[in-house]
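Listed next as structure tokens: two forms of one protein chain, kept apart as structure 1 and structure 2.
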Structure 1
Amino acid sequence: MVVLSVPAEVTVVLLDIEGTTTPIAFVKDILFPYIKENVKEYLQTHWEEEECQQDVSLLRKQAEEDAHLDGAVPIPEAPGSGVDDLQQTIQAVVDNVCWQMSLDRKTTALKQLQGHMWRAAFTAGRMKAEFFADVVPAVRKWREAGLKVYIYSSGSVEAQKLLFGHSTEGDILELVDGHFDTKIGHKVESESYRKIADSIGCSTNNILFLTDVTPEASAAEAADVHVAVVVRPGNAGLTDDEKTYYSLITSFGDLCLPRSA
């Protein structure tokens, strides 16, 4: 096993989720297909609720902004009183959601609806989040050593809390000191990591960021954040240059933290 020693100034571990704590297969094969397979039923069941109407409004506004894009799916204004009108509108929302997902878009409108659908599924016990076996024991050890643990993911903070609150390991939200999503900035922009450090109340060089995505690692490093790239089954391959340049780990157990030494 390759053991990676972490610099003594590190007091915070910042974690990516997909491909780092959670298998990409769980996200790609369970979370996202659940949305496509259940969005119509969800809209029909929750249509009259204020939250659902807010989600649809946001999607409609996004659809107007997207009108110039190839294949964009418009969402008509609130339907008349006819059942057919309502079904046509619901179908337009379904088509729009599937179109956005086919392009792997990360619009706030799409993420908000997805988050609400996942919340309903997790709280009803229809799904549980999966974590790699080394994640929870390592995080417990880090916290016992006095380190803080934060999450930074492109998934919304609400979706992150659902994963950690409804996992195959039980409710492990207590292991996380805080959550960040793209509202603080995109993960490939160095400024995002400076803002995270400010928000936590530490220096960027007090943070160790674990991610499987090298452009994110590069952005964090440019902000003077310590970085290790996580190599997991199912993750995208690395180039020879990336393998040489970055510190690589295949398990959180590979990290030797000064406070736990």
Structure 2
Amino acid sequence: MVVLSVPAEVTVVLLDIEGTTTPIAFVKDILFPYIKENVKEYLQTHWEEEECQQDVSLLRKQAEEDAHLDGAVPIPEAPGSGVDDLQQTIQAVVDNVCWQMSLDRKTTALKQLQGHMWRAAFTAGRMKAEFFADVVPAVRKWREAGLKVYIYSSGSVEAQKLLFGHSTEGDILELVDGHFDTKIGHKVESESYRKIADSIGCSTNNILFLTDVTPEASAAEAADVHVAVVVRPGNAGLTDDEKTYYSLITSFGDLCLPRSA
């Protein structure tokens, strides 16, 4: 087994979710299809609610920013009183969501709506989040050794809490010291990692970030964060250069803490 020593200055482990703690297949085959299959009915049922209107406003604002992109779907302003107008607007929101999802976009607007939609499925027990078998034992060990554990995912903080609160391992929310999403910045931007360190109250070099996505690893590293790239079944392949350059782990159990050495 390849063991990666965690530098002694590391006091915080920052975890990506999809492809790191959780199989990509769970996201692509369970979470995302749920949105595509239910978004129209969800909008029709919740349209009058404040939360739903805020989600639509954010999606409309994003659609305006995306207007220059190929295939972008605009969302017209709130309709008049006609039922047909309303159905047209809802259809535009559905088309916009499906277009964004076809590109696996990580916009805050899309992720916010998805989080709200998953809430019903998770809280009713219709969905349970999958975690790789090594995740929970390793996180418990890190915490026992005094490390803090934070999540940084493109999925909204609300969605993250749903996953950790309703997992196949039970409610494991207590294993997480805090959550970050794209409201702090995108994961491929170095500034996001500086802001996360500020928010936690540590230096960037006190953080070890685990992710499956090399542009995220590169952005974190440029901010002086320690990184390891997580190789899991179903993840995108890495180039030979990436395999040589990055520290790779295939399980959280590959990390060796100085305190436990």
Ligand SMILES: CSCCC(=O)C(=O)COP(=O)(O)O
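These numbers were taken from a predicted model, which means no experiment stands behind them. Counting starts at 1 with the first residue of structure 1 and goes up one by one along its sequence. Just so we're on the same page, rigid core means the largest C-alpha set that superposes within 1.5 Å between forms.
Q: I want to make sure I have the labels right. Is the form predicted together with the named molecule structure 1, or is it structure 2?
A: Structure 2.
Q: Looking at how the rigid parts shift between structures 1 and 2, which one of Glu191, Arg232, Ser218, Arg119 is at the hinge?
A: Checking each of Glu191, Arg232, Ser218, Arg119, the hinge one is Arg119.
Q: How far, in degrees, does the smaller rigid part swing between structures 1 and 2?
A: Hinge rotation between structures 1 and 2: 13 degrees.
Q: If the rigid core is lined up, how many Å does the C-alpha atom of Asp95 shift between structures 1 and 2?
A: Its C-alpha position differs by 3.4 Å.
Q: For Leu69, what C-alpha shift in Å is seen between structures 1 and 2 once the core is overlaid?
A: A shift of 5.3 Å.
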